[in-house]
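Only one chain is shown below, in structure tokens, and it's the form predicted alone.
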Amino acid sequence: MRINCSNRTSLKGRSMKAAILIQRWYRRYVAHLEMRRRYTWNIFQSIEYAGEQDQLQLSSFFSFMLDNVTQMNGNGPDLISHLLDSVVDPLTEEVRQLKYEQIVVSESYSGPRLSFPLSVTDTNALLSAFKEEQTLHGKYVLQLLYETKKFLKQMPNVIYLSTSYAKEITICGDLHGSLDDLLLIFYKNGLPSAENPYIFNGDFVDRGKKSTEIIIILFAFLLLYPDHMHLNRGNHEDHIMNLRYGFTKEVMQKYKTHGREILQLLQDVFSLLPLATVIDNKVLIVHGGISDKTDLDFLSTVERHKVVPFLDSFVSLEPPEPPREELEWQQVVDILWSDPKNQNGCSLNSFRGGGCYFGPDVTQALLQKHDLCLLIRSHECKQEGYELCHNGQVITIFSASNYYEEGSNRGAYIKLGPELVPRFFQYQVSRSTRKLTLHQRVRVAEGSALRALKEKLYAQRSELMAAFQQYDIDNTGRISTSEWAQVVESVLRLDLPWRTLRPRLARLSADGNVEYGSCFEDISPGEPIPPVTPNLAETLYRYRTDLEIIFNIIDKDHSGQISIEEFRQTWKLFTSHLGVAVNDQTIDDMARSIDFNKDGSIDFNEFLEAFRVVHKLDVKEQQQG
């Protein structure tokens, strides 16, 4: 069969058109996925920073309590002592060391048995045990922390290192309890040693489920290679942050017998971690950032163990000169909490609620003042694991992959040699995501982000409804999309693309307006609610995490129980601070209703469980499963 030239040309033309159409479709498809990926990222980041703003609210509450000191009961200490004082251990260092040595380890215990000073055999045993999901016995954790505390007491606030003694130094960012990332770094880059030094730049704990294992490994290598393993403090090396973000709960679950002692010792260890590291007098490494007030010479003189970064300057011990106390506190907070911005200048970091935003001019001024060339910091999750800004003078490094959700971001670390040119290494711990398509990965992350966002909406339902109804004069249940977006942003203040998100959060009516009540249809209370007013119930939903932190502080022995009188007084103070109109009788009725066995104690975990929200779609899936 012979095909003439005109047929051949026609076939070729149709093929080209088909190829162009497929290409256009694919580009639109990828662009749409990228848009979803970006707003998913924005949701995760905005909610994370909003949570840190809640920490500022909690700090403000503690300050309020200092001005309104209320005795929790006639004989016991007041709440302030619970919040601000660590338990004073009257034992001498020698007696405490002997006490830890005398803790009996059962013969049935099959995990590592450490001996001090540590050897390579000990660190290898720890790594092998944690890979097998084993838990280190509390005796050895206490001994390890005790030795770490002794070592850190001798360390300065700012560590000065040189690359002349090693080919390269490896710098890692936030790990946040992700043991898989730490093990992957060691697999790719080698274990810490005299020939392979490391700097870990803070935020070892919280959020992830293996924070305990991470600090044990890092502290063990710190003791084994004190000149070649270096740890900077992060803003999450703080016992109040640990109450909110999970580390305290993790320790108490894994160490029911010795958990309280471990937490007390950790509080001391965290307060003694160095604040900054300088390489070759040219590269400054801090966890968060700097401000226009940052002075490395002054920072070197701060009594770092006396400063409590999260709470406020009022918590620091009282030195003879209050102005210096305030200055010390501000220096430490700026180092741990600040973020870079593209615009010049230095301003309060209102998004996080702590530290500041510093511009390229602030970076340039600090580098020139101290004859430096580069600032390396962490503190912010980046999609590629690292990011450069301020004309390449600031590098952000983040080492926890899949931070927000499986597949959400890569982790990375930096290698820096004598030439001080950073080399970046990226990775991603993959379990289920390796089998998923790009579309599936985006869908999973997006679903998780939207669930978190809907919980935010539900927690402020009455405020949102009141604002919606101001636009809905005829009480139709509908307002325009622009009005809906304006209301949601004014109430939640998350700086999100609400018009883009609207189809995933609320439906349109036939006339094209938003049915604003549909925002709350997918979520509902998780447990039967105690008999409380709607106003009080919503306050509990919104401030549930803050209350959990306060109750946990009051609950010194971590039993999950507080007295009914402690509950009453705490809740009265909290509602007074928030300006929520709840009368004393309502609070008393609620307290009595949750004293289930009438013994004068309240299981606050059970109480707070009633104020979680559940997603109806999740419930349906569980029922179908």
Partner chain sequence: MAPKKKEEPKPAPAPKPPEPEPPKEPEFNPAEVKLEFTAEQIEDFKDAFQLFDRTPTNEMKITYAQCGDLIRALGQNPTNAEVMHVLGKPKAEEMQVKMLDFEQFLPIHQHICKAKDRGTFEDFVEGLRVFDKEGNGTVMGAELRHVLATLGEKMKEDEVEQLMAGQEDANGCINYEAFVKHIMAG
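What you see is a predicted model, and the numbers here were worked out from it, not measured in a lab. Residue numbers count along the first chain shown, from 1.
Heads up, the form predicted in complex with the partner chain isn't pictured, but that's what we're talking about next.
- The candidate site formed by Lys99, Thr135 and Gly246 is entirely out of contact with the partner chain in the predicted bound form, as no residue has a non-hydrogen atom within 4.5 angstroms of it.
- Comment: 494-502 is the region of 494-502, 402-410, 457-465, 263-271 lying near the partner chain in the predicted bound form, near meaning a non-hydrogen atom within 4.5 Å.
- Only one of Gln393, Thr481, Thr301, Ser193 comes within 4.5 Å of the partner chain in the predicted bound form through a heavy atom, and that residue is Thr481.
- At the 4.5 Å threshold, heavy atoms of His32 reach the partner chain in the predicted bound form.
- By the criterion of a heavy atom within 4.5 Å, Thr586 is excluded from the residues contacting the partner chain in the predicted bound form.
- Interface residue remark: Ser576 is not counted as part of the site for the partner chain in the predicted bound form, having no heavy atom within 4.5 Å.
- Taking the partner from elsewhere, Asn42 is found to have a heavy atom lying within 4.5 Å of the partner chain in the predicted bound form.
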